[in-house]
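To begin, one chain is listed below as structure tokens, in the form predicted on its own.
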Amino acid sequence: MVKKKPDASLKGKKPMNTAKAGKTTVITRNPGHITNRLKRSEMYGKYLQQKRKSKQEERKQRIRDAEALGEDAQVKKAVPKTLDNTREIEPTLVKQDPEVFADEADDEFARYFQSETPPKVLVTTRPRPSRHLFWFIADLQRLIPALHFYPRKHYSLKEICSFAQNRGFSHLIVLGENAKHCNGMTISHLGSGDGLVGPTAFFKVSNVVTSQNIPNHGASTKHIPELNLHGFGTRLGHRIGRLLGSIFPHDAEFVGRQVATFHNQRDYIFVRHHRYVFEEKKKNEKKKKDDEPEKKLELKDRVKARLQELGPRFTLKLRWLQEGTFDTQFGEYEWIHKRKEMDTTRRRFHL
């Protein structure tokens, strides 16, 4: 019996067992549940390869369908999947609910949004703050009108709350610090004269950039800024948005062209302070013919608008919300962020 010579391309390697070559296992989900590390990495490579092939097949099929339809083909743009448009549906999401609007018309912040009571805010720090925190406080005083700073000294937060209530302050802001960086902000509503006190919210603060470190920043004026609250969709989000909005007066002075923005995205609240600037476009210097009449440009063609950042710039993340004023011993919590129980998926957002 004559032996078959091995293929020259193998170069001494053993030929593959082609008995199961025709069978291909289709991996339908991410193999992250496999505990064996070597097997998991092997299956993950196959999973990515199959995913890539399926995308290519879908793309080729779309091209074939478009060629078959010809001019009648209606090209549909594929919407990319993001965490925002694939988020889990929150049962407390508010969509033009008259019951919610009726509750907000009589809540703790109604007098501020109806411009019946102007807010008066007291800000203080943790004991023995660094000088970096004072730079941030100076920027907050330019951002928030009627913001007054009092040093913390040796007083407790309960004593500061009673001190502020006796002197007519409506809100209390306490800034925390770690390693010379602001890392916490407590906002407590002390009442607006109608007997409704609270709530108190604690935010984690990150990415603080003071105005002096913002390139090409402008200088803010004493005008009351417009307020832009965006992305607060749930019942909890509405409550937090109204708490943040109650710090500002709601009779904006549009002459100053300043905007304070609280933009919520994926439960992170981005705080920005801008001025919108109108500039006249430069005229074309090309010489026109004598016979050609001059065209009258419209306002949108003559003027362009842009934003100039004033500062400060920082990000807030809600940790807990408490009823009433600050009380860690006997206070009742409306909401607490529990990471292990709530953050089971990346597509679940609470605000």
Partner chain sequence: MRLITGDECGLLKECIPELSRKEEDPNAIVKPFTTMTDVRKDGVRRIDPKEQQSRTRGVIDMVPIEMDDEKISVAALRSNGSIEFWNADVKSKRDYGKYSLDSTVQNAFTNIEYDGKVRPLGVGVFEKSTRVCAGDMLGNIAIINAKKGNVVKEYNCYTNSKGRTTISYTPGNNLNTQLATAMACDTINGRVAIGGRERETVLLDLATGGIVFKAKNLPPDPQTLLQQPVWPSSILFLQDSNIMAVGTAYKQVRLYDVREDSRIRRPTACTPEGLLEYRITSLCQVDEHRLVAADSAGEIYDLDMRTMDRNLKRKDNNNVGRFVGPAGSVRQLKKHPTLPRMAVVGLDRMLRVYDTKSRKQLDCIYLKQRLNCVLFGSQDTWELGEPEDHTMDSDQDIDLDDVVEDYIDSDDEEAIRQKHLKDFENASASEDENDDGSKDEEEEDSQSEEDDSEEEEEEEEASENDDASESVEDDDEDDEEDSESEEGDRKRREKKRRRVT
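Computed from a predicted structure; not experimentally measured. Positions refer to the first chain, counted from 1.
Omitted from view is the form predicted in complex with the partner chain, to which the following refers.
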Although the partner isn't part of this model, could you tell me whether residue 346 comes within 4.5 Å of the partner chain in the predicted bound form, counting any heavy atom of the residue?
no
Under a 4.5 Å heavy atom criterion, is residue 89 part of the interface with the partner chain in the predicted bound form?
yes
Using the partner position in the predicted bound form, report whether residue 102 sits within 4.5 Å of the partner chain, counting heavy atoms only.
yes
Residue-level question: is residue 196 within 4.5 Å of the partner chain in the predicted bound form, judged on heavy atoms?
yes
Candidate stretches 255-263, 234-242, 218-226, 123-131 - the one whose heavy atoms come within 4.5 Å of the partner chain in the predicted bound form
234-242
What residues of 336-351, in sequence order, lie within 4.5 Å of the partner chain in the predicted bound form by heavy atom?
336, 338, 341, 342, 344, 348
